[in-house]
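To begin, one chain is listed below as structure tokens, in the form predicted on its own.
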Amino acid sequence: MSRTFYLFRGCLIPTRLPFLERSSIFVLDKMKVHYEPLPGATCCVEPIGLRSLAVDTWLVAAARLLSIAEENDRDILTLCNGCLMSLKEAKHALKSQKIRDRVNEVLAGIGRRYTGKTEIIHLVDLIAKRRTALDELVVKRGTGMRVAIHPGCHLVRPTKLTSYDQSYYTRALSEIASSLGAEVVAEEDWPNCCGGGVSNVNEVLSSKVLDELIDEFATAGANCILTPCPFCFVQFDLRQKRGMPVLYFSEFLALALGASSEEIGLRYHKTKVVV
């Protein structure tokens, strides 16, 4: 596969959190990662609610996206845990010849065919594999930051589809945060839920789960949360009551690489971030 990636932004970042895309682009450009937007990108389909309502639609939509990347010999780089899970699970399901044939019958109607060549990686994977290049570009270290690491559920679940052991992402995030000068005071070997997944059906339960998690972080001495999941970011930034700031993974990296808070839109956080 070519090392030019197709950047798949998902839905949540471009529609609600475009400043997270800004910091991600800043990091990719600084690290000279070659990328292009995925042509004809649509929803992946969202892996919790929507997919359970229409499994066949999910498989066809995901196979179409993957077939576009295959056509141009590209892997997909995603900024979203949910998109990673959705596309990886679809790729796994499409290993079944029976399912693949059924999906390709639908795709044939728009002149497409899925073959299974494309890989899907998260921004965390990319950075973890380019740690040396990252370290050489750092201009500002996160001295004074005591971070709680929250990988998010969909980065590690389901474990049979992740390429690594279950604690890989926690270790990678902790090692990157530490190398950039932050003190890691809380990390989840197996991530707890942020409560976001049930927020639309049981707000009381969602808040209880969130509060318990934030209390754990505060007890550990954290003054900031670091997460690579835009969905968890929303839960932490908009719905928590304690006021602990949260940084999305690429925001943390961009600050270390010299971005100003204005440049990457930290003013758009509801919970104020002081850097």
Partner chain sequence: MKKSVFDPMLLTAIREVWSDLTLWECHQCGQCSAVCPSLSHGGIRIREIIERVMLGAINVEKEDAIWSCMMCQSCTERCQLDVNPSFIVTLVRNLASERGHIPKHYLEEARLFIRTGLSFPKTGLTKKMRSEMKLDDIDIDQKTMDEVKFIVNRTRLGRLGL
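Residue numbers count along the first chain shown, from 1. Since we're looking at a predicted model, the values are computed, not measured.
This next part talks about the form predicted in complex with its partner chain, which is not shown.
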>> At 4.5 Å between heavy atoms, only one of the stretches 117-125, 178-186, 85-93, 133-141 reaches its partner chain in the predicted complex; which one is it?
In response: 85-93
>> Would you classify V209 as touching its partner chain in the predicted complex, given a 4.5 Å non-hydrogen atom cut-off?
In response: yes
> Are any of the heavy atoms in K30 no more than 4.5 Å from a heavy atom of its partner chain in the predicted complex?
Replying inline: no
>> I'd like to know whether A54 contacts its partner chain in the predicted complex, with contact meaning heavy atoms within 4.5 angstroms.
In response: yes
> According to a 4.5 angstroms non-hydrogen atom cut-off, is L50 in contact with its partner chain in the predicted complex?
Replying inline: yes
